[in-house]
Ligand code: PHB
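Taking the form predicted alone, here's one chain by itself in structure tokens.
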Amino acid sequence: MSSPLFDPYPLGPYTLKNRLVMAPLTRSRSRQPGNIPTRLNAYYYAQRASAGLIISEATQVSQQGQGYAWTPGIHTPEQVAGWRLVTDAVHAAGGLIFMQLWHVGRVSHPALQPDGGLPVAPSAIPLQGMAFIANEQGEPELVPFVTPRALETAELPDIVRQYQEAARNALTAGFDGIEVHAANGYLLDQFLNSSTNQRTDDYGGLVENRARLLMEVVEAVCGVWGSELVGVRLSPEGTFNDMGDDDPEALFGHVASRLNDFGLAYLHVVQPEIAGNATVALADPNRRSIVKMIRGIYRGTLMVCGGYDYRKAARAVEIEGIDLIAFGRLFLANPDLPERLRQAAPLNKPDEATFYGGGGKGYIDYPTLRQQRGEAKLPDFARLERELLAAG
């Protein structure tokens, strides 16, 4: 099947083999204790190296930034070494991989925080719902979120430092670039949106102030990597994690305009009907127009994700002026997604029961098209999982 989706695309110093990006996907499979990536994770990512670009699962910049059990970090030497297994495997398979840097802010629980402290946020506004933690027996447990504490103005330089140090660690771990996660209701998004930011200092009120922390983080990590190797992810009009803004067009129009100043690798926009790992109905179908507005403002490479199939992706690239399309669940279940789309071949269906936690089942055992056709050997996945976990 012929489409610009399969054409090479220039991204900073790289040439992507196609315009299909593997979106960041939380899988909660890091080794414990320590939230350390393993050879099992390396195998999973390397299987998907036919993507033009892989963006890693969200990776906490500090223990304070962790919000879910068993998610990996990039703030200890052991985590850096674990991620090096991943980047080496992806590069050996011919792929490129960026790390997504993550601080969850209020979307956490004292069980995950240093010394059992409260999660932090721009303002002390509680989040509805349940936190995903590991209990004292190491078993998964859902517990109610708590009211976070508002960060003091004097603490915000340390938040920037956490991102900067994580960016340095990602460089040491062999990544090809980084993405700043400012979407989906996590800390930087909490500062952006009026529903979660009620501050009266220089980081609250006007959109310029609410965007200040994001711009400081972007400037800091660009100082480590160079701006052409840094991406930013936004979720304008997203409602996941109780988010919302009084004037999203003004807010995200300002953010997109300011990000033009950096000369970034890309801006990554989550469509508003995507909430976490689910697709939700839009009460107002005009909300999708915010992506069109951002395309009119942002002059660099624009990546979008959220509910795309081949037809929608091709239209976005050929007609709507979108440069890159990120696929989440389709890449999760189809390690060879670009080839399947090129051939208009059937797609594996993702198993939602295995999205978070566990081992190789629903992680490394989705077959490729060639394996299904008998053109390549189908591994004994149970044995492979044992060998990978034993190797560390």
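Start at 1 and count along the sequence shown; that's the residue number. Computed from a predicted structure; not experimentally measured.
Not on display, but discussed next: the form predicted in complex with P-hydroxybenzoic acid (PHB).
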Seminar exercise, completed: Given 196-204, 223-231, 178-186, 303-311, the stretch touching P-hydroxybenzoic acid (PHB) in the predicted bound form at heavy atoms within 4.5 Å is 178-186
Exercise. Does P-hydroxybenzoic acid (PHB) come within 4.5 Å of any heavy atom of residue 298 in the predicted bound form?
Worked result: no
For this session: Classify residue 341 as contacting or not contacting P-hydroxybenzoic acid (PHB) in the predicted bound form by the rule of any non-hydrogen atom within 4.5 angstroms, answering yes or no.
Result: no
Exercise. For residue 240, is any heavy atom within 4.5 Å of P-hydroxybenzoic acid (PHB) in the predicted bound form, or not?
Worked result: yes
Exercise. Would residue 356 sit within 4.5 Å of P-hydroxybenzoic acid (PHB) in the predicted bound form, counting heavy atoms only?
Worked result: yes
For this session: Select from the listed residues 63, 26, 47, 348 the one whose heavy atoms reach within 4.5 Å of P-hydroxybenzoic acid (PHB) in the predicted bound form.
Result: 26
For this session: Taking 4.5 Å between heavy atoms as the contact cutoff, choose which of 58, 332, 42, 325 touches P-hydroxybenzoic acid (PHB) in the predicted bound form.
Result: 58
For this session: For the stretch 73-111, return the residues whose heavy atoms include at least one within 4.5 Å of P-hydroxybenzoic acid (PHB) in the predicted bound form, in the order they occur.
Result: 102
